[in-house]
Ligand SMILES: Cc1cc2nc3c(=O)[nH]c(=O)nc-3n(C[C@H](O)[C@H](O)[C@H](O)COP(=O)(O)OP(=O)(O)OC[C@H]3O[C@@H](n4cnc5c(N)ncnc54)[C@H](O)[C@@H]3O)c2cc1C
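Shown next as structure tokens: one chain only, the form predicted alone.
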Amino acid sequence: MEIQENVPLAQYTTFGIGGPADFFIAVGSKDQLIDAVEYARTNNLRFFILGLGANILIGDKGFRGLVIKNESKNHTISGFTKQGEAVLTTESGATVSDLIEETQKSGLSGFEHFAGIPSTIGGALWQNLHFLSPDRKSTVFIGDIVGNVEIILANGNIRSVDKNYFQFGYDSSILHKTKDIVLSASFKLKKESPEIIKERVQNNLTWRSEKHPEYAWRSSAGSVFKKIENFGAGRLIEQVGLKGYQIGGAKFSEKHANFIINLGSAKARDIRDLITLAQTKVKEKLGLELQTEISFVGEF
């Protein structure tokens, strides 16, 4: 394994923010991921598994320990089950966008609902990736198509579990509470016309471009706050007068206030200050608690 030292992490995040990691390694297979995790645990190193760097904010002081960049992406598609489903099995560093492209060509439906969301499979299971259904009346979750998942437990053992193990919820899974690490996962996909799948992909991308800020995934981390039942976080931020509000090099988007945009010079502390301000204002004026959807990593 080639371990680098003092590696800046901003280049690996969609926010474009983050100080250096003491140690850094990129892994290209499930076996390499297992070895890297074992190395960290054997040497009593804190470690963090990094995917595409979306939905996270890394502190300006960086990460004390080992950052493992998960690029394990080998995957296969097997034949149809008795229920008429094909099974895609993939390592956890594969990107959702790559799997959408491949399954679309194969006429297999399931992943196209998540078009435009930057995520690896590991991150998708962590967050129970979701988007509106094609009729825009309900929500489609990645947990809906999960089969079996291979994980490393906190004690180092490797185990195969089914979807029920994950206790999937809205923006949540058991991975938020445990130290389990996803190695690979299988998904049950249905046969569908490639043209219909392509149309769904394009419709989802169009919807996102209309609703979300331009370059939302190249200067932000996506939605900052979780949706409160019956209340969209962006509308709440707008109601308390913070839409477009700026601190340092960061501001709430003027197109969708639940996005914070890095204007090019933002620090992690600017993002944190905006988050705290929104939580305080919404609590004071509307009596509601905003909870963050993004995760905070490292030292601030």
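As the structure is a computational prediction, the values presented were derived from the model and not from experiment. Numbering starts at 1 and runs along the sequence shown.
FYI, the form predicted in complex with the ligand isn't displayed, but the following is about it.
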{"item": "Among the candidates A266, V27, I49, A233, the residue which, in the predicted complex, approaches the ligand to within 4.5 Å (heavy atoms)", "value": "I49"}
{"item": "Candidate from L99, V201, I181, A86 lying within 4.5 Å of the ligand in the predicted complex - any heavy atom", "value": "I181"}
{"item": "The ligand in the predicted complex reached by all of G123, W126 and R208, non-hydrogen atom within 4.5 Å", "value": "yes"}
{"item": "Partner-facing stretch of 156 to 164, 101 to 109, 192 to 200, 173 to 181, counted where any non-hydrogen atom is within 4.5 angstroms of the ligand in the predicted complex", "value": "173 to 181"}
{"item": "Partner contact for S119 in the predicted complex: the ligand, 4.5 angstroms, heavy atom", "value": "yes"}
{"item": "Contact flag, A185 vs the ligand in the predicted complex, heavy atom cut 4.5 Å", "value": "no"}
{"item": "N262: touches the ligand in the predicted complex, heavy atom cutoff 4.5 angstroms", "value": "no"}
{"item": "Residue contact check: S253 to the ligand in the predicted complex, 4.5 Å heavy atom", "value": "no"}
{"item": "Contacts with the ligand in the predicted complex - residues in 12 to 26 whose heavy atoms fall within 4.5 Å", "value": "T14"}
